[in-house]
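The chain below stands alone and is given in structure tokens; this is the form predicted on its own.
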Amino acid sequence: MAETPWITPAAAIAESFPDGLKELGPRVQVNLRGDVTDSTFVNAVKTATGLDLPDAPNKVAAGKECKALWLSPDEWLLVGEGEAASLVQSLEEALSGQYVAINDVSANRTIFEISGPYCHQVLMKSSEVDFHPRAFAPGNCVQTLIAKSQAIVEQVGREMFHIYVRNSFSRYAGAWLAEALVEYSETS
């Protein structure tokens, strides 16, 4: 059977995005829950993914194949390339018999990338979080609202962020970010 390509609601407007904003292609996204104070859990996750899970709030740990975004004291979003089924299977095998939750949520969110000299201002206009470089840096992530849409924001570079938004809100959030980026670009 032929596989249908993934088309998000934001795809309808993505061609009109200004420089500095784009919708990324699909990524593997696996939600993982477990006890980070349990060395058996931590070691099993490292065996399956190569990652040391971040145990500090709002931090990201990166590995060769995927990264882990801290969502709560017992929850992470693992993001990577490849096949979700492969990552889920590796985690299930490594964590067999432990009290954990492993869920493929790859189709749940689209990911926007916003970059350039105005990305901090656009995010501060769009959210209550202080995204100023003195308060938020590469390797940080946070769950927040972006223009009233639930989102996870990850800073991946000095002037680059990934914004994870539920697919059903992706067109709205994409249009909001595009308009804000144009507004700041025109005022400079």
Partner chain sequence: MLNIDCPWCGKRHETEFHYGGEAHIARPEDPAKLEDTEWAEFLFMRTNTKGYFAERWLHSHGCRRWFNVIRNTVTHDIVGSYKMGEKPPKLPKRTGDAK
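Residue numbers count along the first chain shown, from 1. What you see is a predicted model; the values in this text were computed from it and never measured.
Although it is not shown, the form predicted together with the partner chain is what the next lines describe.
Q: Among the candidate stretches 59 to 67, 123 to 131, 43 to 51, 154 to 162, which one is within 4.5 Å of the partner chain in the model of the complex when only heavy atoms are counted?
A: This holds for exactly one stretch, 123 to 131.
Q: Verify the contact flag for residue 28: yes if a non-hydrogen atom of it lies within 4.5 Å of a non-hydrogen atom of the partner chain in the model of the complex, no if not.
A: Outside the cut-off, so no.
Q: Since only the chain is shown here, I'm wondering whether residue 73 would be in contact with the partner chain in the model of the complex (any heavy atom pair within 4.5 Å).
A: Although the partner chain is absent here, residue 73 would touch it in the model of the complex, with heavy atoms inside 4.5 Å.
Q: Taking the shortest heavy atom distance, is residue 37 within 4.5 Å of the partner chain in the model of the complex?
A: Taking the distances in the model of the complex, the answer for residue 37 is no, it never comes within 4.5 Å of the partner chain.
Q: Look up in the model of the complex whether residue 137 has a non-hydrogen atom within 4.5 angstroms of the partner chain, and give yes or no.
A: Contact with the partner chain, no.
Q: Does anything in 133 to 151 come within 4.5 Å of the partner chain in the model of the complex by heavy atoms, and if so which residues, in order?
A: Residues within 4.5 Å: 142, 143, 144, 145, 150.
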